[in-house]
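Only one chain is included here, represented as structure tokens and corresponding to the form predicted alone.
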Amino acid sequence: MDALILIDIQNDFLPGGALAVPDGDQVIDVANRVRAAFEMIAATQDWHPANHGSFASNHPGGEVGELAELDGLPQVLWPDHCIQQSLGAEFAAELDSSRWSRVVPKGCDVNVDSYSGFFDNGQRAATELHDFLQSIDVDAVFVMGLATDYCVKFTALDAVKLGYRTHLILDGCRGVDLQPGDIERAVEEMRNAGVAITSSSELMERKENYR
């Protein structure tokens, strides 16, 4: 079975949000369009406690964008974002969630960030996503959302390592590009790892041909 995995399409990552991804809102229409091609849809949700260690505000003298250390791991410091129960943590209002099968929270541990929808950044603990996909015999995943060079990339790379046939819906992603070229490098890294790069139009055409 194929599954669509929507990555962190939340208010804080949209224009006007605390950690806005440039043009992040443009992925919403893509998500709403491709959902018709899938029986199984899961969405990941950044779900941070207010004292999360990835927030620059929790590091005296720390600056947003600075590279620091968190529990032995390198950590980019971010603005406070996607705090549990906040408006910023909610999914975009225009995003159609009516057929979602599972919402997977991540980044809940104050001591480690979690870019991937499958594991925390230290690979020390897993989310529920892999077990859920295995329980319904998913063997191929199509990944899209925010942001290309962080949560989308690490989710796709982990999906490959876990044995899923993994596809990136490229026009359904937008990136941070903290360092110029980060987005292009992320896409190339995914491609080199075995992720198939596709587009929403190619996906919908292929799915229609198999009906």
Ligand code: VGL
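In this text, residue numbers run from 1 along the sequence as written. Source: prediction; values computed, not measured.
The form predicted together with pyrazine-2-carboxylic acid exists for this protein as well; it is not shown, and the discussion that follows is about that form.
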Is Tyr150 close enough to pyrazine-2-carboxylic acid in the predicted bound form to count, meaning some heavy atom within 4.5 Å?
yes
I'd like to know if Tyr115 sits close to pyrazine-2-carboxylic acid in the predicted bound form, meaning any non-hydrogen atom pair within 4.5 angstroms.
yes
Any of the heavy atoms of Trp78 lying within 4.5 Å of pyrazine-2-carboxylic acid in the predicted bound form?
yes
Using 4.5 Å between non-hydrogen atoms, is Val195 touching pyrazine-2-carboxylic acid in the predicted bound form?
no
Which is the contacting stretch out of 180 to 188, 139 to 147, 65 to 73, 161 to 169, given heavy atoms within 4.5 Å of pyrazine-2-carboxylic acid in the predicted bound form?
139 to 147
When pyrazine-2-carboxylic acid is considered in the predicted bound form, the residues of 36 to 52 having a heavy atom within 4.5 Å of it are Asp46, His48
